[in-house]
Every structure is written in C-alpha cells, then in structure tokens.
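What follows is a single chain, given as structure tokens, in the form predicted on its own.
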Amino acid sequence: MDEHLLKINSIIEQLDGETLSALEAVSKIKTYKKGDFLLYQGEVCRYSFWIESGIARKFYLNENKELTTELLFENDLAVAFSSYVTQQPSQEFIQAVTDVRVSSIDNSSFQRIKGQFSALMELDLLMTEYYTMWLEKRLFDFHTLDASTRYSQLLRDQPNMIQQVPLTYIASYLGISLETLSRIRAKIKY
C-alpha cells in the first residue's frame, strides 16, 4: 500500500499548472467544528473531503446504536464511497471528531474535469485502488487479528489519536465493547 501512496503523491507533485488550476477551481476549503456532520445518513454524498487537519469518523446506525466503520486522519479521504459513486442516499454519516479542515470537491465538477485531464483520471483510479486495498486489509485484520493487536496497530499508526478520539468510537471501530477496550488498555504500556 505504501507503493500506491508514493504513486499518488508522485502524480500530485507532477500535476501541471493547468491541471492544478482546474482542480483548485472546483475545490473549496471548509472547516467543521467538533461534532458537526459533513454528511448525514440518507443524504447523497455529493462531495469528497480531503482531511487537511483534524479527525473525522464514518459511522452508521444499527438498532439505534452508532457503529464506527472508519476513523479518518490528516491526508485521508472522507467519502461515503457507494453513495458518491452511485449518487444514491448514503447509509453512513461522516462526522468531525475534532475541529476539521477539509478540501472538498463536488463530484459532478470533478467528473467533468477528470475527463479533460488524464492525470486526474489516473489519480482517481489510484485513489480508488488505494481505498479498496485499505478496506481489504481492514477486513482481513478484523477477522485474523485479536482486538489487542488491532488496538496496538491503531496506536502505532496514530499515536496521538488516543487523546482526541472518544474511547467509545475506538471500541466501536475495533468491534469490541468499551469494557474490553478498558481491559486491553490496562495491559498496554504507553
């Protein structure tokens, strides 16, 4: 996956002035306060959100219980993928966990300029592949690693997250109860 990130970064760094101008013309910087929603369940996901700073999460409701599916950090793309692609109502919420600054791009505008600039077509494909690989790894880890190992990996990848993300969200993301997370945390030395 690191190789894919290098390819993505390389394409971004090599975008010519005309492509960058077109991309900037359809991008908007937005800020959201902690607790604000970038997307509500039932809305069509018309924007992709590149997290410039802060933390967001994706979650859905199951029997009135919030189930966190993704924690999104700086340089992550926040999007309800199925809704974004099909332009059908989202099953997910996207919510700011901390104050968040994003670069948002309207789907229809991006589709239009993507057809005009081949580098954006390649970038879109690589980002879709990267998300698919990330999702596959998450699913594999979820089924093959114990909760303690998954928590340790999350801490390794996002060491400052523990001070900013409520433990209930972390437990939900890991697929465990808050009590189990407390037991795991008690065993791990920081």
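The term rigid core refers to the maximal set of C-alpha atoms that superpose within 1.5 Å between the two forms. Don't overthink the numbering: it's just position in the shown sequence, from 1. The structure displayed is predicted, hence computed values, not measured ones.
Quick note: we don't show the form predicted together with the DNA, though the next part is all about it.
- Each of Thr168, Ser177 and Arg183 comes within 4.5 Å of the DNA in the model of the complex, counting any heavy atom.
- Among the residues Arg156, Lys137, Lys33, Lys65, the one placing a heavy atom within 4.5 Å of the DNA in the model of the complex is Lys65.
- For the options Ala147, Val26, Met133, Met161, the residue carrying a heavy atom within 4.5 angstroms of the DNA in the model of the complex is Ala147.
- Only one listed stretch (66-74, 139-147, 41-49, 122-130) carries heavy atoms within 4.5 Å of the DNA in the model of the complex, and that stretch is 139-147.
- When two forms of a protein are overlaid on their rigid core, residues whose CA moves 2 Å or more are considered shifted, and Ala147 is one of them between the shown form and the other one.
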